[in-house]
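Given next, in structure tokens, is a single chain: the form predicted on its own.
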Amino acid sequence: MTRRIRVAIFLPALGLFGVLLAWALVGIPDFGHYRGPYGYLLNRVALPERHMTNVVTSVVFDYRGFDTMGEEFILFAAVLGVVLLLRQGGREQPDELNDSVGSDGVRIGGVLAVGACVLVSLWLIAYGFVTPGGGFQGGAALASSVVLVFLVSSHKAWSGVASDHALDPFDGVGAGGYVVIGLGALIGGLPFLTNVLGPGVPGTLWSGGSAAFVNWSAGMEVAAANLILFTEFIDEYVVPLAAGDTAG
């Protein structure tokens, strides 16, 4: 297919998408004028029924936990597809890559920032049923925290903490753990993903019951999936450029 044909197909599709997007934006309610009765209902029942003060996370991992499992496997499949595309031709790592950050201040500050960001990310996951956060937000933040190792140190240091052999099992366990927790409820004679440990105590780490394990599984899968993507793109695009600069 020539470039002209691709452009001819793309432009009408882009125009249609633009019309649909404008139509959707015009129909958005004004700020402060929420029209969803579902949200008002959940605000009234989430705390007494589930003992979770964060209503959003209670919806994601409890009320509609089965739907969230589908979203998690969409991410898993998307990452798998990207990895297959980027790895199909194989890649050769340079024998020596001189990309270390030279500033001691940046390296020291960056290392401290990595620890602080990882701690905040784990807090976002752990307190997902208490305050704004949860497995998806915390997992994305955790992946970004680890990327700081590459930005403030070197590719060699990054490879030590984000190798394929280390990340692939976490990605699989995170996605599979979600299903295993649901099957545990079935084995106990309850519906899939039923909170078998009860609602717990509001405002504490125990407020999620067994849904907390679902939350942590999602956080693990999101963090590992994003790190796998970062690793593939860095090794496929950034490293060859850096190697070329070093050779030049």
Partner chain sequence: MLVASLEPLQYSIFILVAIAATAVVLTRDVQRQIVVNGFYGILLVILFVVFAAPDVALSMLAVSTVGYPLVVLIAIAKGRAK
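These numbers come from a predicted model, not from an experiment. Whichever C-alpha set is largest while still superposing within 1.5 Å between the two forms counts as the rigid core. Residue numbers count along the first chain shown, from 1.
Beyond the structure shown, there is the form predicted in complex with the partner chain, which is absent from this document and is the topic of what follows.
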Quiz item: According to a 4.5 angstroms non-hydrogen atom cut-off, is Val147 in contact with the partner chain in the predicted bound form?
Solution: yes
Quiz prompt | Thr57, heavy atom within 4.5 angstroms of the partner chain in the predicted bound form | solution = yes
Quiz prompt | the partner chain contact in the predicted bound form: Gln137, any heavy atom under 4.5 Å | solution = yes
Practice problem: Report whether the minimum heavy atom distance between Pro132 and the partner chain in the predicted bound form is within 4.5 Å. | Solution: yes
Exercise. Taking only heavy atoms into account, state which residues of 215-232 are within 4.5 Å of the partner chain in the predicted bound form, ordered by sequence.
Key: Phe230
Practice problem: Align both forms on the core first, then report whether Gly189 has a C-alpha shift of 2 Å or more between the shown form and the other one. | Solution: no
Quiz item: So, does Phe233 move by 2 Å or more at the CA between the shown form and the other one, with the core held fixed?
Solution: no
